[in-house]
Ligand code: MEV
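The chain below stands alone and is given in structure tokens; this is the form predicted alone.
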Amino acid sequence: MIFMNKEKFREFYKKSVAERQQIVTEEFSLSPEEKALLQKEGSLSLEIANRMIENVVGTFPFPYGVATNFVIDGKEIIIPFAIEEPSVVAAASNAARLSSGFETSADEPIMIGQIQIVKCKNPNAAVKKILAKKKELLEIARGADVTLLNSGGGPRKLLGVVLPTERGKMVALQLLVDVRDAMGANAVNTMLEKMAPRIEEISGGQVRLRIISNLALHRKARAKAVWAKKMLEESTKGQMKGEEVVEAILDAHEFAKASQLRATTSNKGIMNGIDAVVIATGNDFRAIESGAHSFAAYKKEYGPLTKFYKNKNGDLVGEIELPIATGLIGGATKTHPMAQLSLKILGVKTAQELARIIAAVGLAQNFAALRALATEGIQRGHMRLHSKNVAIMAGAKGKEIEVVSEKMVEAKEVNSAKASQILKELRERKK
């Protein structure tokens, strides 16, 4: 057990990065090599990182790769991924290659802000009073962000309902705001704060929460693609007929519709690709995750975010729809150098374009997982790529990594014990 000197961590935020690194080094007995890891800088400098979050002592890089073969709305696009999980980039690229391309669409960038009001003597009457003054209240909201107004955005609607709760009836207001090319949290939350005092006067109640919702119901993105049965047959190298692959994928998808256990894992696979692009562009993957899973259960039992079916030719058609609230301005999107690089590679000009690309990636990722599960099994390709990580963990270096990896795959035993055995034999032969 390590006993820390708590005094050294007092007002940690006031110290320089170098001072924090020294404290961590001393308190956790870091070796010179471990301290060097904290001090190492990459594309994200410690200076910039220190402005992004609190108590910075280092940076934590992710592998950064690009998915290829995507044709989205007739345009060839290279898509940056920031992710540590093997096979995700390869799976997305292969799914895109096998497809006929992706057709996408996205809603206007409308976000929902919520205001909670408690202690109203007559909640229903309070809602009517508030909505009777919505013109005045929307004007207050407009004044909170002139920059957004000048770019064509701003508050659009004010809605209200009464919610029955265990603590009595509460009023819930929804402010719908067009946030243009921002994710929108700061703009929406500021508007809600500005409106709150006047809402209390009108309602006679007390405002509690004033916060954006991450369930962006009015800001959904969609993608659709066709996978020809001929291409699917070729992808199995003749081991399965195209019709068999289509049927197997449809069965796998139906399983997700019938089982929440399976639907959760299916949606996790979708988010593998979505999160990777969201992170690469400096957007909030946690907000996208929570919105996606909430949408998967919206007004129904939790289910898959995609749907698959056959067209009249017997080819496989896949579709996806989910809320995607991303931005091109503000936050890490503007401060992180790699986020700026990702947006340049993507060539997007609006947040809607980015959302459409992300939806296409989610659909591709789901198809790839279903195809692998329904044909060769998910582990075959995944473990082939994961084997390099296992080789490194066993101590393999340089060219040894490839040799150990290949031998594990050949033996169909991808684990640390096998890697250590192969590495030991390899080094003994060299002696």
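Note that residue numbering begins at 1 and tracks the sequence as displayed. Predicted model, so just to flag it, every value in this text is computed and none were measured.
The form predicted in complex with (R)-mevalonate exists for this protein as well; it is not shown, and the discussion that follows is about that form.
Under a 4.5 angstroms non-hydrogen atom cutoff, (R)-mevalonate in the predicted bound form lacks residue 394 among its neighbouring residues. Contact check for residue 318: every heavy atom lies farther than 4.5 Å from (R)-mevalonate in the predicted bound form. The closest non-hydrogen atom of residue 265 lies within 4.5 Å of (R)-mevalonate in the predicted bound form. Taking the partner from the other structure, (R)-mevalonate in the predicted bound form has a heavy atom within 4.5 Å of a heavy atom of residue 272. 373 is the sole member of 373, 57, 67, 401 with a non-hydrogen atom within 4.5 Å of (R)-mevalonate in the predicted bound form. Among 289, 103, 85, 193, the residue placing a heavy atom within 4.5 Å of (R)-mevalonate in the predicted bound form is 85. In short, of 278 to 286, 229 to 237, 257 to 265, 242 to 250 it is 257 to 265 that has heavy atoms within 4.5 Å of (R)-mevalonate in the predicted bound form.
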